[in-house]
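Before any questions on how it binds or moves, here is one chain, the form predicted on its own, in structure tokens.
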């Protein structure tokens, strides 16, 4: 039986997959392009359709997630607007670099290595940050200063007051030069490896510009919203967006993105950092296997790489949902315990 030209199994797969990616997108502020595109390629969709549909899904989910982060005050619009400008410049420079590497015949090798190193490096950085937070726990139990939400490197960079300085919605100030350098570098890498860049944009805002993690997620989503819109328009004009697939993915992600966005206020920052680090390391391993499969010319490793990417993502999304349910249950128990006891005999 087919619905909308797809089998029932594919229909259920796209909706559930959209939900899972939506949870991750809302929670971490990354678009999931490294999940959607390889999965569509595995299902024998043309490369242009896989990329175009992935960008269209990214744009639709961005709108949903940004609205939720707006509801809880986690979007710095001024910072996001500045980042969008410098990101665009960086992406243009990155694309020109790719053309130069193609002329030398080493574009695929360089982008593949860059992808693996970036994912593994960012994952290791976040896991190290989580380990440091555990070591510091107990030594600073009485210190509730907002600076605790900002990593030491971010605080150090903010201490250099090179004008012009920009006031951040989350508190503190950052130099326009720092913002431009961080955003431009992220855009350059995005243009080089051909992704939206959420998995490097969010850490850059968190570590280099120096915002709390929840604000980094919301602002990263906002900054990526415009690039997603532009990419969707570009591919849509050439007919490379499968509206059926995108619609089904968005049906699932509409709920998933709002749950993921809300989860950032319910899950401890330590857990957020650990989950993101694990996901980046596993994604790095999956993409490394994919590059190895291309080099060896075997489809078996390519399948394993996609299963590793999708499987690890489902696992992390499940852990986030478990923490949300656990937190909601604890809140209900606290509310029940706080209610006054009924009069017994006064």
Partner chain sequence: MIESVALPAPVQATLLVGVILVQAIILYAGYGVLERVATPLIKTITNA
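Positions refer to the first chain, counted from 1. Predicted model only: the values in this text are computed from it and were never measured.
One more form of this protein should be noted, the form predicted together with its partner chain, which is absent from this view; the next part is about it.
Within 4.5 Å of its partner chain in the model of the complex, do 56, 251 and 258 each have at least one heavy atom?
-> Result yes, every residue of the spot touches its partner chain.
Can you check 61 to 69, 36 to 44, 316 to 324, 283 to 291 and let me know which stretch has heavy atoms within 4.5 Å of its partner chain in the model of the complex?
-> Every other range fails; the passing one is 61 to 69.
Is there a heavy atom of residue 233 lying 4.5 Å or less from a heavy atom of its partner chain in the model of the complex?
-> Contact with its partner chain, yes.
Report whether the minimum heavy atom distance between residue 229 and its partner chain in the model of the complex is within 4.5 Å.
-> Yes, residue 229 is a contact residue.
Contact between residue 163 and its partner chain in the model of the complex at 4.5 Å, heavy atoms?
-> Residue-level check for residue 163: no, no contact with its partner chain.
Is residue 246 close to its partner chain in the model of the complex, meaning a heavy atom pair under 4.5 Å apart or at it?
-> Yes.
Could you check which residue among 179, 189, 119, 241 gets a heavy atom within 4.5 Å of its partner chain in the model of the complex?
-> Flagged contact: 241.
From first to last in sequence, which residues of 305 to 327 have any non-hydrogen atom within 4.5 angstroms of its partner chain in the model of the complex?
-> The stretch 305 to 327, when checked against its partner chain in the model of the complex, contributes no residue at the 4.5 Å heavy-atom cut-off.
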